[in-house]
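This document opens with one chain alone, in structure tokens, the form predicted on its own.
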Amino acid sequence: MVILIAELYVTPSKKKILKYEHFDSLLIHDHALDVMSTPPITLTKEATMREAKALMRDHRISGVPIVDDKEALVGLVTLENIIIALENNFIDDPIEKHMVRDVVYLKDDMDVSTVLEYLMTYNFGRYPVIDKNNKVVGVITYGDLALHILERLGNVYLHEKKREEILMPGKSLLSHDSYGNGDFYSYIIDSSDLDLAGQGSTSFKKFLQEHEFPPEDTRRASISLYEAEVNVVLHAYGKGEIRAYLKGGQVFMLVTDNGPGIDDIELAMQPGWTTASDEVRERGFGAGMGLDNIKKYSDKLIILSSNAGVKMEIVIVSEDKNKGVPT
């Protein structure tokens, strides 16, 4: 059995206020293929400039990629070309005579940062997107890129709002038993219902408060545990277990499941990486920030993964070593 072991993460210093620092990296896994508008609106070089004018008017666009019989990119007609054709009375000429031949295009496998560089460098309104066979598969505008970025940030915002709602003071979702005895806590995760995700972390937050664990450290612990619990619900069929205990101003949390495991822990740790569906993300889950949040809010994180499941150890160290010690 192959075991994947995640790198050990230890925060260099405690942070009183933790903020997201990875919004830019949310796009690191996205490519032009994820941003472009489809299907592309195109014309062949045999069409006339008048036809291009009508097409641009009807679709309210500022340019049309020109393709051959195999839908490969051969040129581009822009609004400026149409204006010149009208002024010089060759609006009924074939597109081939007047189209732009040296076209600035994007490839569908370009990462979003490269796409942004192109947009900032050339400052055109529309960019054809081609595949490896030079076929036009889409178009990217500033609007397409802006909407994509807003969608990514919106997913993170929804995830944070959902987490805040679950962990808010006085919140109780419990439908399964939790157990707390002295400095020990346990909870069985037994539901694939996303609306019930967070029950264990909500109960554990109350457990820490009862032990007078410092509020900021309690917050970090409950956020870390919430993210781990949601991962079990999303990726491990909702079957898992939480075990935790307090010792010497530290809280140790162990989250285990019997799911399919994490194929690539290093990749999964990267902000924005997610395999969740659009429907799941729209509900405030699966934004690709779970493991990154656990790493950020905890002082130590160890992940063991195989095809038999995942074991995750999370440690929170309080600055007040006397808090959370049973009396």
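Since the structure is predicted, the reported quantities are computational estimates derived from the model, not experimental observations. Numbers follow the displayed sequence, beginning with 1.
What follows is about the form predicted together with a small molecule, which we do not show.
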query: Non-hydrogen atom contact residue 285 with the small molecule in the predicted complex at 4.5 angstroms; finding: yes
query: Partner proximity in the predicted complex: residue 234 to the small molecule, non-hydrogen atom cutoff 4.5 Å; finding: yes
query: Heavy atom of residue 275 within 4.5 Å of the small molecule in the predicted complex; finding: yes
query: Contact flag, residue 66 vs the small molecule in the predicted complex, heavy atom cut 4.5 Å; finding: no
query: Within 4.5 Å of the small molecule in the predicted complex, all of 108, 138 and 143 (non-hydrogen atom); finding: no
query: Which of 53-61, 66-74, 267-275, 38-46 lines the interface with the small molecule in the predicted complex (heavy atom within 4.5 Å); finding: 267-275
query: In the predicted complex, the residue from 27, 32, 301, 291 that sits within 4.5 Å of the small molecule by heavy atoms; finding: 291
